[in-house]
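Here you get one chain, nothing else, as structure tokens; it is the form predicted on its own.
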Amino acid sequence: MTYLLTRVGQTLLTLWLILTLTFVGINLAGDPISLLVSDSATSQERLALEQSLGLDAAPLERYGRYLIGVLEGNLGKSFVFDRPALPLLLERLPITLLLVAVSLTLSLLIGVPLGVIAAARHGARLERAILTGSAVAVSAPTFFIGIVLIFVFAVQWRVLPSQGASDWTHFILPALTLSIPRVALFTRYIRAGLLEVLPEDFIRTARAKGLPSGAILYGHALRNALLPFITILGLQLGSLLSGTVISETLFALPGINRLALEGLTRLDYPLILAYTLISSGTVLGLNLLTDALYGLVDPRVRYA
């Protein structure tokens, strides 16, 4: 319990540092007023817009208002969309979460069994084929995988849509684009973990008792190999949440990362800061959850 309370405190401190650095960074990035008004705008018009957006105050005052807004859940209105920034992003969040959930599920359902098969057939041609395929998949850029999938399934075969989010079929290609590199990554991590566990004494004892190979692999070896894999899983889930921007842009999905990218290109301060709060808070929360899961997977783990 002491460890978890310490980790919660560290998480909150890290979140505060991220929000502070983001606030400083975007204020140094440029002047959003120049992107919101025409070149022929007068100084009076620029000043009026600054006052209406609250940009005429000193940076320290705006930073204080921002921290108060974080605590109150009110991060101001988007400069571009003229709507409260936080609700605007939360409207797009379900699309991104669905895409992440489908991608991660596919990655686990395919990557973990492939890793087990590769470890069980260590030294065989099947293992070499799996490792070769995973090396190619993990090395391919995400945008290239997406373009290839669009060309094959949407252009050549015309069996799947390549844009929009009107029904579940629109999520297949984006989810595959994100999951293919992670299938390769999970395969390699599971294989490596199992190869470390399989020579252990308790595995030899299980074999001596005559247990089936499947029970040994999945019931004994895999569980002990999962502990380091949980860390990788937590990190990959965090990277998925913030890394769907390529798929959302490529497949025209109205997700939170695509909206945040538009806000970033137009220096929409409230939108960028609200996105930082959502994304950073989610990733840090997942890391905290990952630490808590350690003890559930391996009861021998105890925190001082």
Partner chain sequence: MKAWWGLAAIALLAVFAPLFTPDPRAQDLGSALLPPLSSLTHLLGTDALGRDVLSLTLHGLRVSLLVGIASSLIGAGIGIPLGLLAGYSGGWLERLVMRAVDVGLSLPGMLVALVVLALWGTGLDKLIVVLGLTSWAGFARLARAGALSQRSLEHVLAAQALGAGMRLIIVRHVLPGIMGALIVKFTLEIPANMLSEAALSFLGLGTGVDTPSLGSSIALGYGRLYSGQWWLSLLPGAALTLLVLSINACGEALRVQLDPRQRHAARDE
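This is a predicted model, so every value here is computed, not measured. Residue numbers count along the first chain shown, from 1.
Below, we refer to the form predicted in complex with its partner chain, which is not included among the displayed structures.
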Quiz prompt | Contact label in the predicted bound form: S162 to its partner chain, heavy atom within 4.5 Å | solution = yes
Quiz item: With the cut-off set at 4.5 Å between non-hydrogen atoms, does L286 touch its partner chain in the predicted bound form?
Solution: no
Self-check item: Close approach of F143 to its partner chain in the predicted bound form, 4.5 Å, heavy atom
Solution: yes
Quiz item: Is there any non-hydrogen atom of L293 lying within 4.5 Å of its partner chain in the predicted bound form?
Solution: no
Exercise. Can you check 149-157, 200-208, 94-102, 216-224 and let me know which stretch has heavy atoms within 4.5 Å of its partner chain in the predicted bound form?
Key: 149-157
Quiz item: in the predicted bound form, do G25, I246 and L267 all reach within 4.5 Å of its partner chain through at least one heavy atom apiece?
Solution: yes
Quiz item: Within 86-103, which residues come within 4.5 Å of its partner chain in the predicted bound form, counting heavy atoms only?
Solution: none
